[in-house]
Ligand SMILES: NC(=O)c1ccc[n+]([C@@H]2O[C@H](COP(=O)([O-])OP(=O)(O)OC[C@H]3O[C@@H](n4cnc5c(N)ncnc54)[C@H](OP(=O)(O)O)[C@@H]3O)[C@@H](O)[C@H]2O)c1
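Before any questions on binding or motion, here is one chain by itself as structure tokens, the form predicted on its own.
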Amino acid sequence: MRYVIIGAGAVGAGIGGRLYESGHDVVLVARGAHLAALRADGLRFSTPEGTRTLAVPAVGGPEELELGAQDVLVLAVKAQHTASALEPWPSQPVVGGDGTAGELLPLVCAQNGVANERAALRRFRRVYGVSVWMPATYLEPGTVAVPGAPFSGILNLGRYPQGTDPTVRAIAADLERSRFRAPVHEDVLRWKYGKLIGNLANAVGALAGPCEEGPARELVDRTMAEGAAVLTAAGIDFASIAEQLEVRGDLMRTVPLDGVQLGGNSSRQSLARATGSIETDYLNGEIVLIAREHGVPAPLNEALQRLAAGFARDRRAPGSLTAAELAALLAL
């Protein structure tokens, strides 16, 4: 199989880089300065084993590729960019190697949140979800860091909306040979919703910095508890944080990399890059949506969604608030 990584940022290039190093065919899809750097100099890839340059092919879109029946599309953009990122990609059957009409290409959503797979299923027949546990940082155009060890990440996979098939098992096997753990699940959404609860902390970390203790930790705990209560009220099953940590075990820890300043969670990285957008509408905002649908309150997540959107819109730097200031703003 050839892996076409749509969105070669921190997670996309991290997955693509590891697959490439283990001998798989990989194409990175990027844009702007990042694409130019990848084309000119390759992917500069920092991991606990060191920093090296990988000559991974890079393109700007499907018009530069001849897609075939053995291709797997891996979507790794932020959730707010899913629709625009998928628009150029063919949702019609590709031609098989023998000249006969092939099956629709499989699409793997290696993204936070739970809305991407449903959006993709409108256009693609075979959609797979991935709950991504993977520390990764986009450092500068052409350069990413993946500091996880002994495995780079734990990627829980399954077919959307449920089930497994030979394709997802083959993808998991390739990932397992590429420094990932890749458990395959009949109900991948259970793991995606569990990861969603953990991702509710991203807004706190983006707005106010480290969340390990003090007022920030209290905010995180309250926000996650509110999210769990909303999912429970809606009758949505999810893997608990304890269950997720048990699966994770000692398989992945974040280690320091020489000369590399890691960027924190994905929402914090978006603010640092001043992109003008942030994925909290699909994290805290997903909890708010479910809460409104079921008539239950979610004031903390609603306030965090609003504050994070304002930070992104105004290009405010991450950590512009102290944890105490953020707690005061969220004193509901």
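The shown structure was predicted, so the numbers you read here are calculated from the model rather than taken from an experiment. For every residue, the number given is its place in the sequence shown, counted from 1.
Although not depicted, the form predicted in complex with this ligand is the subject of the following passage.
J.: Closest heavy atom of residue 58 to this ligand in the model of the complex, within 4.5 Å or not?
T.: No, residue 58 sits far enough from this ligand in the model of the complex that none of its heavy atoms falls within 4.5 Å.
J.: So in the model of the complex, does any heavy atom of residue 269 sit within 4.5 Å of this ligand?
T.: Yes.
J.: Is residue 34 close enough to this ligand in the model of the complex to count, meaning some heavy atom within 4.5 Å?
T.: Yes.
J.: Just checking whether residue 273 would be counted as a contact of this ligand in the model of the complex - the rule being heavy atoms within 4.5 angstroms.
T.: Residue 273 belongs to the contact set for this ligand.
J.: Heavy atoms within 4.5 Å of this ligand in the model of the complex: which stretch among 160-168, 181-189, 242-250, 134-142?
T.: Only one stretch passes the 4.5 Å heavy-atom test: 134-142.
J.: Quick one: from 105, 85, 231, 224, grab the residue that has a heavy atom within 4.5 Å of this ligand in the model of the complex.
T.: Contact residue from the list: 85.
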